[in-house]
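Taking the form predicted alone, here's one chain by itself in structure tokens.
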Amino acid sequence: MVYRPLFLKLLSALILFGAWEIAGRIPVSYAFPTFLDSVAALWRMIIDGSLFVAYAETLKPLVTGVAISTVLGIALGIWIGLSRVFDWLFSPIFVVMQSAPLAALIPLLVMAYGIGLTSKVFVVCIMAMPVIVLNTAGAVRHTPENIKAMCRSFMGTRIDMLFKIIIPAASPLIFSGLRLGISAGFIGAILSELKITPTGVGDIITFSRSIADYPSMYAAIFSIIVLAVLFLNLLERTEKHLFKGNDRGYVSD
């Protein structure tokens, strides 16, 4: 049964793409192309290199924002989880960031930081960091007291407790927060290109829509989804490698 998860994933993709093809052939809308037309448009963009040029622009704010969100998010989450005072001070900020409508904040970011890379990085961070911080803080806060007591009984220092007890125990939720945060970061990167300046993949989507080239528009969107899925699977495999032997019960399995 080792190949069962892979089989189910392929079956799910086949059902989805089949439904897409059928909906495009009915058609549901004149602006909804078939799956095969979208794949053909994606192949054309790969052959002429336009997709790689677009992603060279899109990945700049995405990678920078995700890296900042990961490092600061985990550090702040651990800090908030360990200190009740910092929990009271900072948790409400990230709760508000997570629930606030991002589209309403983008004009404020543009006014403050212009239409360049800085604003786009901020959009990615606003999308990704709250999820990472809150998941990490919750995981650290709910570390079982019995293993903390065991550490203290063996004369473990606070550093020992943090790095040998709390962080390993919290790692499943921390990685779950990373996966959710990176997914949100992809959304933020594309949203910033659509709302701030049309560059990268956002430019392909905007331009294709303006000239009614809907297969190219859907192909660009599809490429984002594929890249996000590949990246999240890579992160999942990294977690499994780091914590080998610990079955974490992935939803995808």
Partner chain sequence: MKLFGINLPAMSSLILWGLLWEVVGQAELTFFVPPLSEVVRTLVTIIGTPSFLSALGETAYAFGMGVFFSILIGVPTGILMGRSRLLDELLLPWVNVFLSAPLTALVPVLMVLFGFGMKSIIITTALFAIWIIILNARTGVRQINRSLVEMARSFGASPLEAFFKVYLWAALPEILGGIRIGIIRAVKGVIIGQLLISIAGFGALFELYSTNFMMAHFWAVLLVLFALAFSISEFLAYLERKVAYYAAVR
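Positions refer to the first chain, counted from 1. Computed from a prediction, not measured in an experiment: that's the story for all the values here. Think of the rigid core as the biggest set of C-alphas that the two forms share within 1.5 Å after superposition.
Keep in mind that the form predicted in complex with the partner chain is missing from the display, and what follows is about it.
**Sole residue of 46, 36, 187, 53 within 4.5 Å of the partner chain in the model of the complex, by heavy atom** = Contact check passes for 187.
**Item:** Listed residue (40, 191, 59, 68) with a non-hydrogen atom within 4.5 angstroms of the partner chain in the model of the complex
**Value:** It is 191.
**Prompt:** Where does the partner chain sit in the model of the complex: which of 109-117, 146-154, 70-78, 166-174, heavy atoms within 4.5 Å?
**Reply:** The contacting stretch is 109-117.
**Asked** Hey, in the model of the complex, does residue 84 get a heavy atom within 4.5 angstroms of the partner chain?
**Response** Output for residue 84 is yes: heavy atoms within 4.5 Å of the partner chain.
**Asked** Is residue 127 a contact residue for the partner chain in the model of the complex, using a 4.5 Å heavy atom cut-off?
**Response** Flag for residue 127 set to yes.
**Asked** Does any heavy atom of residue 161 come within 4.5 Å of a heavy atom of the partner chain in the model of the complex?
**Response** No, residue 161 sits far enough from the partner chain in the model of the complex that none of its heavy atoms falls within 4.5 Å.
**Asked** How about residue 17: is it within 4.5 Å of the partner chain in the model of the complex, going by heavy atoms?
**Response** The answer is yes: residue 17 has a heavy atom within 4.5 Å of the partner chain.
**Asked** Are there residues in 98-135 with a heavy atom within 4.5 Å of the partner chain in the model of the complex, and which are they, in order?
**Response** The stretch touches the partner through 98, 99, 100, 101, 102, 103, 104, 105, 107, 108, 111, 112, 127.
**Asked** Cα of residue 52 displaced 2 Å or more between the shown form and the other one, core superposed?
**Response** No, because once the rigid core is superposed, the C-alpha of residue 52 moves less than 2 Å between the shown form and the other one.
**Request:** Examine residue 15 after superposing the rigid core and state whether its CA is displaced by 2 Å or more between the shown form and the other one.
**Result:** For residue 15, whose C-alpha is compared between the shown form and the other one after core superposition, the shift is 2 Å or more.
**Request:** Indicate whether residue 28 shows a C-alpha shift of 2 Å or more between the shown form and the other one, with the rigid core used for the fit.
**Result:** Where the cores coincide, residue 28 still shows a C-alpha shift between the shown form and the other one that is 2 Å or more.
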